[in-house]
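Next up: just one chain, as structure tokens, the form predicted alone.
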């Protein structure tokens, strides 16, 4: 039976799961919106993977990345847990070995990764301003009555430039309404919105950094032809959109899991597909042991506490256990 390496990327907007074989070929891919219940989405994704591949592969390694990596990594028994920068860079270098600059724009955050000789030498992340992320486009598409899937192609139909204020979603929407009243066409306004997002991205993340080709653009927003064109206009160069640009984080952490397990030469610590049948419950409580008053998130499986997170000191995260807390509330 062949080996399979699972990569899981827990993002704020989407959850991505891939399965790579020994030759690094993708045998499974899941890109699914995160409705706020990541544990359930991961359970469903793994159940689907197991159903499709159980007779052909055995799990040789599991890696987890993304904003929810610590918790999901613990639940799965991951062999490796790494940050998104490392995962995205690993996947990109595998597909485009001479990459120097990675533009990554997701639904709720964006990243800039600078690479030299296949090593990350600098990076920046935007997790605060929505105007530089995909949620900005989603919001404006809804306001314009346009399907987000059509957004990029409409932007390319613009015959005139129109500048939309892109410092934040509030200013952008106000300026967009004003431009509509002046008679600019929908494609021209959409193109202006694409350029506003890219302008915001460069103002927040690049900030004087020296960027070199080859340039790679990835993340869910890379499917938007209007954003690709706006980036190329900004840098006056071509950007490459890799295959499976929407799940590069998951691919990267799967590759890192493969590397880790080959070095260890040990069986995976993956807890098995039985977790897909467990009943998980999330709750929270305020720890009053110090002035920080951290909100501690507790995950239970079939009534037993398996993980805690959110405490700054690590007291609860390092010692998951059943406790009786009167002010505990369901998350």
Partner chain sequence: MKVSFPYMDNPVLYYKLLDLLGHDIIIPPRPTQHTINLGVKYAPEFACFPLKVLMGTYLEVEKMGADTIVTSGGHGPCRAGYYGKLHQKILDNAGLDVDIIVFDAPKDWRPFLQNLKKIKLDNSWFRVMSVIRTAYTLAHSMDRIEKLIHKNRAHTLEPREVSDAWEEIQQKYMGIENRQDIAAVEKWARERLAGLEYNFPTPDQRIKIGIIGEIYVVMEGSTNNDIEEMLNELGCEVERSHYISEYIDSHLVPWKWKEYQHILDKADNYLEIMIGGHAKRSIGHIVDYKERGFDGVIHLKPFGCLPELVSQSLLDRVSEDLDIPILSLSIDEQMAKANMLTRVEAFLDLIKQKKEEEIA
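From a predicted model like this one, the values you see are computed outputs, not experimental measurements. Positions refer to the first chain, counted from 1. So that the term is clear: the rigid core is the largest set of C-alpha atoms that superpose within 1.5 Å between two forms.
Below: the form predicted in complex with its partner chain, not depicted.
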Taking the shortest heavy atom distance, is residue 119 within 4.5 Å of its partner chain in the model of the complex?
yes
Note to self: Can you tell me if residue 160 lies within 4.5 angstroms of its partner chain in the model of the complex, counting non-hydrogen atoms only?
What the structure shows: no
Using a 4.5 angstroms cut-off on non-hydrogen atoms, would residue 83 count as touching its partner chain in the model of the complex? yes
Practice item. May I ask you to check whether residue 69 falls inside a 4.5 Å heavy atom distance of its partner chain in the model of the complex? Key: yes
Note: its partner chain not shown here; in the model of the complex, the stretch from 95-103, 149-157, 218-226, 201-209 having heavy atoms within 4.5 Å of it is 201-209
In this chain shown alone, the residue from 141, 240, 125, 235 with a heavy atom within 4.5 Å of its partner chain in the model of the complex is 125
Core fit, then residue 12 C-alpha moves 2 Å or more between this form and the one not shown:
no
*asked:* Tell me whether residue 311 is among the residues that move between this form and the one not shown (Cα shift of 2 angstroms or more, core superposed).
replied: yes
Hey, does residue 292 budge by 2 Å or more at the Cα between this form and the one not shown once the core is superposed?
-> yes
